[in-house]
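In structure tokens, the next block holds one chain alone, the form predicted alone.
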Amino acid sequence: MRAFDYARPSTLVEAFELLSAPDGGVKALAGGTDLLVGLRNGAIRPRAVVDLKHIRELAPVIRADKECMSIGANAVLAQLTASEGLRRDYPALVESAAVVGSVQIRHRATLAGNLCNASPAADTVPALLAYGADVVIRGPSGERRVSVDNFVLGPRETVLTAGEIVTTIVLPTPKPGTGAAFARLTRRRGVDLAILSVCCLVDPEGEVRFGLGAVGPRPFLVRDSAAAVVSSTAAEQFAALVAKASPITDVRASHDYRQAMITVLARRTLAAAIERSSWVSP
């Protein structure tokens, strides 16, 4: 590991200044579960690391109101899996958080960090897409709000500009009777990157949203009608998902295997989401 400077700001203003360095050689640290791996293997070589854990405005809180659930930037994944409100209203997000790394990692890794790392295989992002989550971003120029669907641009690439920080992830309150489910495929049960992950959400009016991960340069969302998907033939079923996917061949799986398994996991999550919802097939 190469030497680097370390800074621990206590306010967002201080953090903005540190992260706005013109040379771009500054990295933000929240949970650090991805950053430390890159530091150790030399893939990431920053001039300085800015620790965000002690900033009051980024408190690790999960707060609910009538219209949304807000998750603070420093909230760790173990908080998500333990939250009664999330388990009740956003079960698929909890299911996705519960499979990230190990127990130790989930007590360090943050939801915001899992999103900002912008891995095509990020476990929580398909669920955030299906639930229609937004990201609140603050920086030297003020605050803006971006949908998760528009936040990740590609592998390790987001819309964040110099000095900007994700402060909150906002989940709109699902309609009563909404059902959702998450599933992923890996080589082994524990601590492994996903070969493929799928989150399916079905609302009481029969709209279906599929969030997919690990089958393209970034996780993506596909919308459909539950009636159309359920009534379609085997050849047509989930065709939009397969058409939009562009999986690679790597050490975990081949392109063809990933392509074939999209339909398998989509069927499973759709069946589970329908069972959890109040939607009735016509």
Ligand SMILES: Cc1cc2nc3c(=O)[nH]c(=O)nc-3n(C[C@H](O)[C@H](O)[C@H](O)COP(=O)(O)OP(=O)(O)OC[C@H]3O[C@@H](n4cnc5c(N)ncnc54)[C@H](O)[C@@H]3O)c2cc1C
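Just count from 1 along the sequence shown to find any residue number. Bear in mind the structure is a predicted one, so any value in this text is a computation, not a measurement.
Unshown form predicted together with the ligand; subsequent notes refer to it.
Partner contacts here mean any heavy atom within 4.5 Å of the ligand in the predicted complex, and among 78-86, 199-207, 102-110, 142-150 they occur only in 102-110. In the predicted complex, every residue of the candidate spot (32, 114 and 184) has a heavy atom lying within 4.5 Å of the ligand. This chain appears without its partner; in the predicted complex, the one residue of 59, 243, 248, 37 with a heavy atom within 4.5 Å of the ligand is 37. The ligand in the predicted complex comes within 4.5 Å of a heavy atom belonging to residue 27. At a distance threshold of 4.5 angstroms between non-hydrogen atoms, residue 193 is in contact with the ligand in the predicted complex. Although the partner is absent here, residue 94 sits far enough away that none of its heavy atoms falls within 4.5 Å of the ligand in the predicted complex. Interface membership of residue 212, defined by any non-hydrogen atom within 4.5 Å of the ligand in the predicted complex, is ruled out.
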